[in-house]
Each structure stands twice: as structure tokens, then as C-alpha cells.
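A lone chain, given as C-alpha cells: the form predicted alone.
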């Protein structure tokens, strides 16, 4: 069990635009934990991303990938992406940070909790309303993170981050097509699918089941009626499921799932799916929890992990102190839970629960909301409010 005698080493990558602002609120939460518990966090800030590339000609300093791989216990990333910041090959400047870490550290599971807090409205038809009820939206989607349609880009980014020659997929021909043809292979492997799916079943073991009936349920979402990669994904799902006889199995095609997700989210507990399908479906799922400003995520492998808010860098709002920091704060919650499990540190998992409670308390009365939730609170004031609530809870607990 790691305690303050050997601090947890946290790499902070603020990134671009408003990512730099919400990163400060993530650090505020880490500082609050350190001030009111025996936990210690050694934070190292690594400047990176598109803005950094435009300013310096490099996506991040040489040796940054090695540092992230060898010298930290967990990573936090604010956001990547900046107007006009592209590499000579057309890739996003900063891609070797986010995509290079995912591929290079083999972070095969993208963890996306979708939970609606009391007091959070949704913006539908231009108006803030309350369609889905708190307590009936509480699921976890696991998206495969290293294969599928993004495989070539992920490999290129990892090669760039690690100083290797860039990967390019093999040449292919497509009979019947004319003119210029661009393509991206979509490789899905049994190994990659199995480890992602198994993590989904393990997570289901720790949850209270789907809100509608309390049944532990894992849903396999694919397009196995038409694509070979998805047929392999589903066969692998069925094989893994035999090890978890107490968990109910559910199946859906991605096109139908997007309807069911918004019509009856209370039926879902844990969802497993492939890379691009998960990318799209989880952004849709964010609507259920109040928008991208509420959506936290973890990129998790067997040995490494980094955590990030799902939203982009929103450069037009940079420097205005108005974006929602809750996705960033809840990403630190996920980090505490992961570090706690990995290091058998029960105190960290308790702290993760207290962060969740602090966010819930802040949101419950419907005050102190940022613009995306219909309010006018500032980014920093929301961060300060949640940190103050957390400090009180930590003092009363430890």
C-alpha cells in the first residue's frame, strides 16, 4: 500500500485551450486531498498539445513519453486540439500525446461512466429541461481503445511519441471503385476484444446492476450482422461470458442501440463495444448526463492509465473562466478509484466516493451551474465550491 512516505506521482498534461483551465481545477482537487489526508501527490506538469506545437515546434518536450511510461503512477490530460495546429503529414498536432499514450502504453479500455446527478438539466430543442431522471441514468460504457478504425492513426501517433519510424497500413485494392480512394483498415483481434470484454464483466461485478431492475447486465453492442470484425467481437463476448454465469447478457446493433440508449437508459448497466462505435455512442450518452462538460473518462491498461474530461479544448472559450470543470474533477475521481484498486489502497477508493458526493452536493440545489447547464457560474468558482465540500468531508472522515 503506497502512502505519503512514497507519494503517488501524477503527471499533469494541461494541453490546449480550456484544457489548461480545467486542469487547474483537477489540481485543486489533488491539493485538497493532500491537505486533508495522509495521501501525498507529487505533481509534474508537462506542457503539450497544438498550442505548444505552434509555440515551440514540438508536441511535447523530448523524453516526455518515456517519463509518462516510467516515472508516474497516473496521468491527467486536460484537452488536445488547437486551430491551425497540424503536422506536415496532416495529423493533429498533439496527437502523439493523447493517441500516442493510448497506443504506446497499451491503454486498451476507454472507461466512460454515464451518470445523471440530481439538479442537472438537459438542453433539448434549445431549452433546458428534465427528461431523464436522476437515478435512472447510471451506466458504464467500455470502448475498445487501441484497435478498430483508429488503429493506423494510433500506431502512427505512438511511433511518433516513441521516436520510431511511422507505421503505415499495407496497400489494399478495392475493385469497382474509381478515382482517388482513401481508406482506414478496421482490425479487431480476439485478444484485444477479450481483455476489454473481461474488464466489462469485472466492472459489472462491482456495480449495483441496471437502474431499472438491479440486475447485473453486460451489453454487447456491435454490427455483427454485417461486419467480420464485429462477428469476432461477439463470439469473444459469448466465450468470456461463460466465466460470469450470474451476469445477464444483452445484445444490440449499434444503430438500434443509439435509439435505446436515449429512450430507455435505465436498462443499461455495463456496455462493451468497439473503438469507433464507442466513440460515437459515448458522446451521445453524454447528453443523458447534461453534456460533455459532465463527461469524465479513463484510458486504462494493465499497468498504466490516464484520465481526462471527454470534451474538447474549446479554444473560443479559452481564458474566459466559464467552462464546466466537473468532467475534469470526476476524472480525478476515476483516478483515485483506479489507484486505490491497483495499489490496494482503500483510503483512495473512499476518497473517490467522497469526490462523487461533493460533486452531487454541489449540483443538487441547481445553483452554481456553468453556462452549459443553464447557469452563469465561473469555472473556478465551481471548482472552489466542490473542493470546499470535499475538504469538509475529508476532515470528517479521516
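Numbering follows the first chain given and starts at 1. Note that the structure is predicted; figures quoted are calculated from it, not measured.
One more form of this protein, predicted in complex with 3-isopropylmalic acid, exists but is not displayed; see below.
Taking the partner from elsewhere, residue 118 is found to have every heavy atom lying beyond 4.5 Å of 3-isopropylmalic acid in the predicted complex.
Within 4.5 Å of some heavy atom of 3-isopropylmalic acid in the predicted complex lies at least one heavy atom of residue 150.
In the predicted complex, at least one heavy atom of residue 80 sits within 4.5 Å of a heavy atom of 3-isopropylmalic acid. 3-isopropylmalic acid in the predicted complex comes within 4.5 Å of a heavy atom belonging to residue 112.
In summary, among the residues 216, 234, 102, 155, the only one with a non-hydrogen atom within 4.5 Å of 3-isopropylmalic acid in the predicted complex is 102. For the options 279, 250, 106, 194, the residue carrying a heavy atom within 4.5 angstroms of 3-isopropylmalic acid in the predicted complex is 279. The partner is not drawn, yet in the predicted complex one stretch among 222 to 230, 256 to 264, 237 to 245, 93 to 101 has residues with heavy atoms inside 4.5 Å of 3-isopropylmalic acid: 93 to 101.
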